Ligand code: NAP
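Encoded as structure tokens, the following chain is the form predicted on its own, with no partner shown.
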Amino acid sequence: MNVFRYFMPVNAYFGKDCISQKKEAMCVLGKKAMIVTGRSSARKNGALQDMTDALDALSIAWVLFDEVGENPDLETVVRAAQMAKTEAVEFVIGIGGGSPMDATKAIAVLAANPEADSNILFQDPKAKALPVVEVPTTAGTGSEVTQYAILTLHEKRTKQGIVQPLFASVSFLDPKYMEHLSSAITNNTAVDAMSHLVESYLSANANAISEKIVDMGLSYWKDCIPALRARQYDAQVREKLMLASALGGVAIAQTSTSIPHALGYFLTYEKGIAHGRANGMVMQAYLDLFGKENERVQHVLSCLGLASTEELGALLRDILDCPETFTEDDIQYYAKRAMENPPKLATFPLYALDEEKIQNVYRNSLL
């Protein structure tokens, strides 16, 4: 067995009302916090109220930045960081899906380096950061247990990760916050979680521990397939989806994501397709790159209770709504852009992926 490293420093609490029950975990982080959310969901699902009640009970002052949109851009993060610096906050709390949680990590870096400009996010892996708390309210991103944060860069017409490996100090995972999610958001984010698990297992960076984590995550995800098909979710399904998402995050924290993420970013930027759905749209063709008889692909399919990549593709088409149309020009552009990300392409374990092979993945997925 080759030498590998496993590192997972997040102090994560899982279960109903975990914020109120375990709020003391935040006492050591500072005396003033910035809460980062989207525009309304954290209020509607009760997570914001739970957090402010906890902070008030701990006598921790707080300010709110509630302007994070889907696929947060660099400009929003810079604006929030300026507020954090002005308010002299000592830690940052992200509440929401991947967008607020990822934005929170970037804000924490900029706020801790007041003399630096935003380029520090992409140039200095050792830059310091304020402590981060994460509260996921969807089950897909896994950002609460990963070191990654992805931002939209309009000047590059894509999404890009910050270079600081920034894990949360504390995360609170409470499935009750997902009770009122729409079926579209539930299914899109669930597919994101599944793509994390699959990409981790098939990555060139996979190891013995990450593989077992994936097995566990896929078992939870498999149990949720009937609910995803029916678009009806009870409390037990919500709990299993959040567990699958967290396990997917733990897995990619060790291996990173792979080809579906690299290809999906352009579908998100150019067509506005939700991140998880974009990954799902290219998943079957990605698996087919390995060949029909590949043992590792067969293992993934077996964990999901599926017999073939065609059956997986049919499942994804069933649980995702994909009305968009694409042209050959789109395919050529997306493939050319995907080739600009060699580290992500290098996670494919069998051979070097050239532009023609990437074109075929897009073509088989979208046309």
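Bear in mind that the values here come from a model prediction, so they are computed numbers and not experimental data. Throughout, we count residues from 1 along the sequence that is shown.
A second form of this protein, the form predicted together with this ligand, is not displayed here; the remarks below concern that form.
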>> Can you confirm whether Q284, A338 and K344, the three residues that make up this candidate site, all sit within 4.5 Å of this ligand in the predicted bound form, judged by heavy atoms?
In response: no
>> With a cut-off of 4.5 Å between heavy atoms, is G94 one of the residues that contacts this ligand in the predicted bound form?
In response: no
> Hey, in the predicted bound form, is Y177 touching this ligand, heavy atoms inside 4.5 Å?
Replying inline: yes
> Is N71 close enough to touch this ligand in the predicted bound form, meaning at least one heavy atom pair within 4.5 Å?
Replying inline: yes
> Even though this ligand is not shown here, does N45 get within 4.5 Å of it in the predicted bound form, heavy atoms only?
Replying inline: yes
> Which listed residue (N187, S200, T137, S171) meets the criterion of a heavy atom within 4.5 Å of this ligand in the predicted bound form?
Replying inline: T137
> Out of the stretches listed (83-91, 148-156, 116-124, 291-299), which one is close to this ligand in the predicted bound form, meaning heavy atoms within 4.5 Å?
Replying inline: 148-156
> Taking heavy atoms and a 4.5 Å limit, what residues of 239-253 are near this ligand in the predicted bound form?
Replying inline: I252
